[in-house]
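Below you will find one chain, with nothing else, as structure tokens; this is the form predicted on its own, and questions on how it binds or moves follow later.
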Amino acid sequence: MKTVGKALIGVLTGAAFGAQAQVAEIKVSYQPALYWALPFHVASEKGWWAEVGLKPVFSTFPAGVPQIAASASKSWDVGGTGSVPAVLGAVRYNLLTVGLTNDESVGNALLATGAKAAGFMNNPQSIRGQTIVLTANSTGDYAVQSCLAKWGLKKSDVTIKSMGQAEIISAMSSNNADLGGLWAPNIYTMEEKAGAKVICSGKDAGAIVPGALVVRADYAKEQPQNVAKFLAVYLRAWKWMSTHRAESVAMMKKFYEVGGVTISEASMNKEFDTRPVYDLAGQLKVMNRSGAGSDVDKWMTQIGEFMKAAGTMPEVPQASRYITDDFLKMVERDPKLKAFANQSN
């Protein structure tokens, strides 16, 4: 896997913003009813894709593993996914990580049913020998394993059963499972409708769980300018959402309901309050490899180490081979695209 060469940086021209700009189709993948996917919806509602000459064609997946597997057939070009599937995608499907969606360390957690939560929280060692239902090779899996490690427990100390998120909610709601690994907003669904409680989040365990913006390496090589435009649209949506909370929450409500998720307004606001996001300058900062090195490299390498330990892959991939800030730099160096990405109205 090779990153895009510096010669491509600056390829963009202001022509893409002209009235006669040719519109290019771009296939975008994501998981529905998730906080980090909301910018795709906002950008569509606001007509921002067309402003940079893109026409998105969306495809959705229930979790990261089937999403990245679909890239092999070129059913999508770019998208957002969890950091765990992003690393797996780099190893198996030649995917590049070109930016972050958000910091979802709080939004991935181990939950317990209401009747058992207090006991597990007061004595985490009592989790030994229990069954935990979770979605394997996901950020939820990473958060759960990090929590177990915090308590001095190993994966072999518990029984892990892999299920989809909807199955986990069903199992815990019907008292067929006491412990489950979930990500937001499924966390809030369990809290509000089944009385479950978070007993440990990724953040509690000291694990940084970033979300990733990814692209097929072959598409990146063929259409670098479209990847940069995609990033600019995504960043603009976050910028707008940060200054239009009430309208964003209203759009989130509709977006989540279409995806089959209904949570309270308090929980929707919790998404905004507990999930740091990155503007263009913030993205470039955490991906900068000078000085002490890239934060993103470190976070993703830690995730790779977790996946190697879990037996998901034989070796930890070298971060520089699949993580690149080249496309963010393209946005930074194009005056019009940079202004577009930083626009908050």
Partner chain sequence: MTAGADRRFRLAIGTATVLALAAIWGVGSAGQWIAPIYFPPPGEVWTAFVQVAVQGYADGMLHQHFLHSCLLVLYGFVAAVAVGVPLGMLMGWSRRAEAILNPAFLLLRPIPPLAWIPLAIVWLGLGDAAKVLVIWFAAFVPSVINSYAGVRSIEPHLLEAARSLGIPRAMLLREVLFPGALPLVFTGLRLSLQACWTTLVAGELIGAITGLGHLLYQGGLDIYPAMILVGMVAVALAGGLMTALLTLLEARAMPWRGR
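Positions refer to the first chain, counted from 1. If you're wondering where the values come from, they're calculated on a predicted model, not measured in any experiment.
Keep in mind that the form predicted in complex with its partner chain is not shown, yet the notes after this line are about it.
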query	finding
Contact at 280, 288 and 329 by its partner chain in the predicted complex, all three, heavy atom at most 4.5 Å	no
Contact residue in the predicted complex, chosen from 167, 157, 247, 204 - any heavy atom within 4.5 Å of its partner chain	167
Among the candidates 177, 237, 117, 208, the residue which, in the predicted complex, approaches its partner chain to within 4.5 Å (heavy atoms)	177
Segment that reaches its partner chain in the predicted complex - one of 270-278, 220-228, 102-110, 85-93, heavy atoms within 4.5 Å	85-93
4.5 angstroms heavy atom contact with its partner chain in the predicted complex for residue 133	yes
Any non-hydrogen atom of residue 68 within 4.5 angstroms of its partner chain in the predicted complex	yes
is_contact(residue 242, its partner chain) in the predicted complex, heavy atom dist at most 4.5 Å	no
In the predicted complex, residue 162 touching its partner chain (heavy atom, 4.5 Å)	yes
